[in-house]
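Below you'll find only one chain, the form predicted alone, shown as structure tokens.
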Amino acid sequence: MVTGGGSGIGRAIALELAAAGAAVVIGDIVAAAGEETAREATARGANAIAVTADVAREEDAARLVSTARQVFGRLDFLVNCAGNVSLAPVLELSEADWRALIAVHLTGTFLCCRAAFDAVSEAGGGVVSMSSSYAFKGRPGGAHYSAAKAGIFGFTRVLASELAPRATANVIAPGPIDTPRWRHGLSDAEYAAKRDKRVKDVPMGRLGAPEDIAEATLFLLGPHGRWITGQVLHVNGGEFYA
């Protein structure tokens, strides 16, 4: 099950899991986006369904898990990618915007993990949740975003200890990834300027692709990641944090 699977990193992970032979439940708040990912996964020969859900709602998180178990009989893996974004300095950040972002990123991760806990444990599977480089270095105008992404790591350390020894739980902290959200509202020239400025801090000299995060996710969920739990994997092209 991949939340936020309708676009960007979540979409890439869902398709990579499908290519590896997994049946995939794609959760997304935008029905058309989730359905498009499911169609593409199905076209690649996978079993895939889309479920429209808001992960910040307890009943939606529970419905995602129950649907996975009803349709496929089990739930081995949960990948938490659902997210939203807004930016404002602390003094201008409204409580409503703070709560809205925390609700999706942090509370949504908690609700989906709690709903999936028994199924993933029984299957001996794993959980991967998306944090961010901004959890470790901060993001101007993004106090709520950095706080939520740091909270996901703290939550996962506890989750890993409670799932052990049956299942694993880890976090990926992506660096700058070239997604539709990263490009949103920019002209080609504005995108190029933003990209060139951002990659100056990245030793590998490029933005990451969603597929870079998908491959790291499959590593953590696959046979070579079975003794890795409670960890954060920084997938960022070598960017260093002060």
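On a predicted model such as this, the values are computed, not experimentally measured, just so you know. The numbering used is simple: start at 1 and walk along the sequence shown.
As for the form predicted together with a small molecule, it is not shown, yet the points below apply to it.
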Could you tell me which one of V25, L17, I9, L221 places a heavy atom within 4.5 Å of the small molecule in the model of the complex? I9
Check each of A119, V104, A150, A160 and return the one that places a heavy atom within 4.5 angstroms of the small molecule in the model of the complex. V104
Partner-facing stretch of 90 to 98, 163 to 171, 119 to 127, 77 to 85, counted where any non-hydrogen atom is within 4.5 angstroms of the small molecule in the model of the complex: 77 to 85
Heavy atom to heavy atom, is E58 within 4.5 Å of the small molecule in the model of the complex? no
Verify the contact flag for W182: yes if a non-hydrogen atom of it lies within 4.5 Å of a non-hydrogen atom of the small molecule in the model of the complex, no if not. yes
If we define contact as a non-hydrogen atom of the residue within 4.5 angstroms of the partner, is F110 a contact of the small molecule in the model of the complex? no
Using a 4.5 Å heavy atom cut-off, state whether T156 contacts the small molecule in the model of the complex. no
